[in-house]
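For reference, the chain that follows is the form predicted alone, supplied as structure tokens.
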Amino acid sequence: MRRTFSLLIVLISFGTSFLKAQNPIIQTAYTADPAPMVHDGKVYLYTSHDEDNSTWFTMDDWRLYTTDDMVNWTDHGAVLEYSDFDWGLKNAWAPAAIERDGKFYLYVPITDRNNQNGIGVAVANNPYGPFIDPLGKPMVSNSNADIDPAVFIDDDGQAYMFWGNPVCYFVKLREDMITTEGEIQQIPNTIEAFGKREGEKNERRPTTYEEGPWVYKRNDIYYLFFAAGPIPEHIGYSTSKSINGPWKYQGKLMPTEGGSFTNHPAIIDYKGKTYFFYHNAGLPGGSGFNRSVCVQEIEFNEDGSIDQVNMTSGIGEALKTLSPYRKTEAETIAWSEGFKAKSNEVVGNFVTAMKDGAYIKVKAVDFGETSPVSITARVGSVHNNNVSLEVRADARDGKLLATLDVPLTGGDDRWKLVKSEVEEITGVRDLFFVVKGPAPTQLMFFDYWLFSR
């Protein structure tokens, strides 16, 4: 995924209408390298995390977001850091995640204390962690090409890991999922397997294969999606009738676009649909080092091929509704502007409003046929006591349902419950939480909300 090269950054402008849609799906932090996993009726999306204002791949932890409707994503914060590995020195780069026999595994590239790239593995008893390093060393560490893992369990139960830049390696995993079996193999870096590289002549990179492999199986066809060169990257894919190859290049899935000179593919099936994840630079301040994960539906042709797709504004309709009568974390968001993700030991994950007019949108909230009478929220403020949180229906300037006064609590380790009566609302609606207040940053902290009948 990451290497030293002369930077070529394509600047593509995203209009306001794009940014106010569903993509990128996380707006409270910069995220990259999506690694989605479906488990027990929910999508668990693990990502790498670009630190704000990065001018290189400054990445210290891996984050988790979940959804069961594909539009509202809940932030679970950092679930693993490179420093959780005693041998790790730096670089929390592109992860992979998988479940097997009730255990959850994260495969992560890290630079070790000898400044050598390697792929470590961490295991947990649930998808939220805590994840621990069972080996105390990298699972794979052969060269600085050891980055961007992808893990796949075939129908016969055999697990594999794919990875690598500038070539694609793969190896069998034992049933314990933390040790390898047999020799590491390389997919031949041929034009037949990965297509001919356009433009530049590069002996080390004769094909389009660059990095970021993702393995997927559908109707007995194996698919290998990958970030493809030359830089700036596009997404390509190859297919095979066997996990061991030979692989045949099928072309571009997504052209170069999005304002980031890298991209990183992932595909899952969920509730009868197929979803394609990638990243771009679509948020304000976005760049090749401040990226954001996106998702959109994708369809296969009858012969198993996939037509080329462009980046879209994302998923328009929720797969299910959200109940307002159960406590909802404020970090459950379909879209937001002006909020940042935070966490502490007092309340765990929460969000902070950074400016007047900051707002959060939650889609497809089902109030039913009877209107609630009140809303309760846990909030706080450190700067002043002239901050309020407006609750509106269907738009940021839509019908005003309630106004919650945000008290001066003195810090994000001090919180208060506030309550307000609610104007009548029924049916399935979108909710907007809009912050009003003076100029200082971090106007308020917001932990959760709950309507009552």
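Numbering starts at 1 and follows the sequence shown. Predicted model, so just to flag it, every value in this text is computed and none were measured.
Heads up, the form predicted in complex with a small molecule isn't pictured, but that's what we're talking about next.
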In the model of the complex, the residue from Leu253, Val151, Met139, Ile147 with a non-hydrogen atom within 4.5 Å of the small molecule is Ile147
May I ask you to choose, among Met70, Val391, Met59, Leu64, the residue with a heavy atom within 4.5 Å of the small molecule in the model of the complex? Met59
Please identify, from 215 to 223, 88 to 96, 198 to 206, 310 to 318, the stretch that has a heavy atom within 4.5 Å of the small molecule in the model of the complex. 88 to 96
Is Thr352 a contact residue for the small molecule in the model of the complex, using a 4.5 Å heavy atom cut-off? no
How about Thr262: is it within 4.5 Å of the small molecule in the model of the complex, going by heavy atoms? yes
So in the model of the complex, does Glu211 come within 4.5 Å of the small molecule, heavy atom to heavy atom? yes
Answer for Ser48 alone: is it within 4.5 Å of the small molecule in the model of the complex, judged on heavy atom distances? yes
